[in-house]
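Structure 1 and structure 2, given next as structure tokens, are two forms of the same protein chain, each shown alone.
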Structure 1
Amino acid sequence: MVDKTSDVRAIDKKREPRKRIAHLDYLFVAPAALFLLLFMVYPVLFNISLSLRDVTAATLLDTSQNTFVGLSNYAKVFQNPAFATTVINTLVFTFFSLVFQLGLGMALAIFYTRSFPGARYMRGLYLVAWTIPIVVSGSVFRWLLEGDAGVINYLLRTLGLIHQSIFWISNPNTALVSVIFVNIWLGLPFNLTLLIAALQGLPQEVYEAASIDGASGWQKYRFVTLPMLRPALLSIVVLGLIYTFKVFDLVFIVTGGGPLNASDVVSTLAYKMVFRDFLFGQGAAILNLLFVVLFVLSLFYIRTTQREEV
């Protein structure tokens, strides 16, 4: 007669190492999970709690003295005229940055996909702007755009295009335009690199067939290149929206959001409310609204990429 209990014990002994290995897997994942909890989940939850309370500099660390005010901070944010201005500035900043980055990036990508001497080296020079820290780039452009001793004004005066210095970053009419110009310069290499990779991956047989059918250069671009580039263009646009909409460091370094809030965006307004005016609740409310917008854009990006893969 066969002893079934001994067979079961033997099988269980074989499974024990697998169970131990499974437990080890959790140990390897634990540091990453702890990092996410401490530096991503907890700050978001703390910021939400902060936006629902009346917090001052004296009661910031003592949560027992903070009064629960509900959505009062959000109501104050929407009633603040500066918030409406910064929302408009953010939309203008994002729209023109993306339009010029994508347009110039596409033109340069088509140009550099052609074979000519030095094309690879010239493409590499564009990546220099991408590798330089934003703090350095912003400081350099702040010096270039300076009104009295700026290089840009010097060149324009030398060429006879202007007769008086233009105070690019201290004039309310040109401050936002100056920041948009700098952001276009910074984001152009990113668009150029992705578009070149996408163009080089397109099948050449389709272009040969279009040439046989008598298609012109514009028709090839309109009916062949753009449709096949749709997944790449969609990814670039959504990623550009996410990155540009939350820009803080560039604006803060170049103009500081001034003058008179002329170049303030949502992120710089939240910074000023928290660290200058000590309106912690309202600043947290603005950041939560920004988080919701970025979260929706991220979900849209994930969904669109999944569709393209299917």
Structure 2
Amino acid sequence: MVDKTSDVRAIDKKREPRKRIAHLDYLFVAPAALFLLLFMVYPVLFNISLSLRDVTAATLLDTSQNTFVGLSNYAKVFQNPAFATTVINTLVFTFFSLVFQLGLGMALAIFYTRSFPGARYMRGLYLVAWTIPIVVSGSVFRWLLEGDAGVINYLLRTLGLIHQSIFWISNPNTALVSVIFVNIWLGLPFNLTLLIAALQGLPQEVYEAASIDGASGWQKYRFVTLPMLRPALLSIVVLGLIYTFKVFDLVFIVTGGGPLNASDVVSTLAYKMVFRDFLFGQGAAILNLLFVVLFVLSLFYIRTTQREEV
């Protein structure tokens, strides 16, 4: 009997500190959890509720004062012809930006992983472009692309490539192309850096083995580099997708979405709805749709990176 109770006590003694440690764990997690709740979860929930209501600025925070309108904000968004245009623009923008950023980035990365005089410094210089604030580089490109006095037209004319000025950003046929061009320029250094890091992480022995087997340069790239780079490439692509799909600042500065929605993307349309037209509900609805896409992409990213770690 006596032994039994002492046994129980012994177990309790063993358990108690463990429990306390468990509680302490929660305490350490609490600030992070609170931060996430306040700045991530709450805004998302608020935005969902906003998209289901008829809201003015004065009733934005007071839910009791505005009427619940169900999905009618979403219905209005889908009926708006500008929404379809912006979705297509966003897809085109994302696709071409990524293809060129990755394609050119890969070519340059392979070039710069070779050692030649100045390779390191030149690699570093690429990052300078990336550190310039988008407001600055965007405004500079606005001037470069100007129709009458822009440097790009001047260059093309001097080289004899064009005879009439192209109004890059004020022509609806070239506005989106121009923004994509600027974005490729902007995103290239970042992709280059990630790809160089990934390439340098590849084991050299495999290449040596391939050389002994008599593989050509292209074969080494196709059958050694690409398969080994796959996990890294996948996360670069998904990150790029997320980053490019939600573009706002660049488009807003270079073309403002114009002319005639020609270069409007989903986020600039939502901005205009909220801050120009005061259509809070519809703006929120658009951003929720954008959020769903980005959320799915993020989940995909988490899954791929986890698999990589395993």
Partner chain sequence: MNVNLSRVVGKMLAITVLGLSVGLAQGKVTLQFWDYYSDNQNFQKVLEDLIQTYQKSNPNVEIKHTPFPFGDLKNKIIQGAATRTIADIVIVDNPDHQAMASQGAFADITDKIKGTDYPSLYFKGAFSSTIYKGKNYGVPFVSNATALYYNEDLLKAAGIAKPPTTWAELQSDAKKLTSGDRYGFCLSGVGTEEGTFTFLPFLWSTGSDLTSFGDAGSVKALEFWNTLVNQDRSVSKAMVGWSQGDVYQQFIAQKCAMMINGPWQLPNFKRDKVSFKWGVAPWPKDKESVSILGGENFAIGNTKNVNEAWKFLSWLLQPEHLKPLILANGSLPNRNDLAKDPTWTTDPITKVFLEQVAVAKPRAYGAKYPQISEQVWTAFQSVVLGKQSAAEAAKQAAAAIKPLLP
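If you're wondering where the values come from, they're calculated on a predicted model, not measured in any experiment. Throughout, residue numbering runs from 1 along the sequence of structure 1. Take the two forms, superpose them, and find the largest set of C-alpha atoms that agree within 1.5 Å; that set is the rigid core.
**Q** Of these two copies of the chain, point out the form predicted in complex with its partner chain.
**A** The chain shown second - structure 2 - is the form that fits the description.
**Q** Expressed in °, what is the rotation of the smaller rigid part against the larger between the two structures?
**A** About the larger part, the smaller one turns by 11 degrees.
**Q** What's the distance in angstrom the Cα of A32 travels between the two structures, core superposed?
**A** Comparing between the two structures after core fitting, A32 shifts 4.8 Å at its C-alpha.
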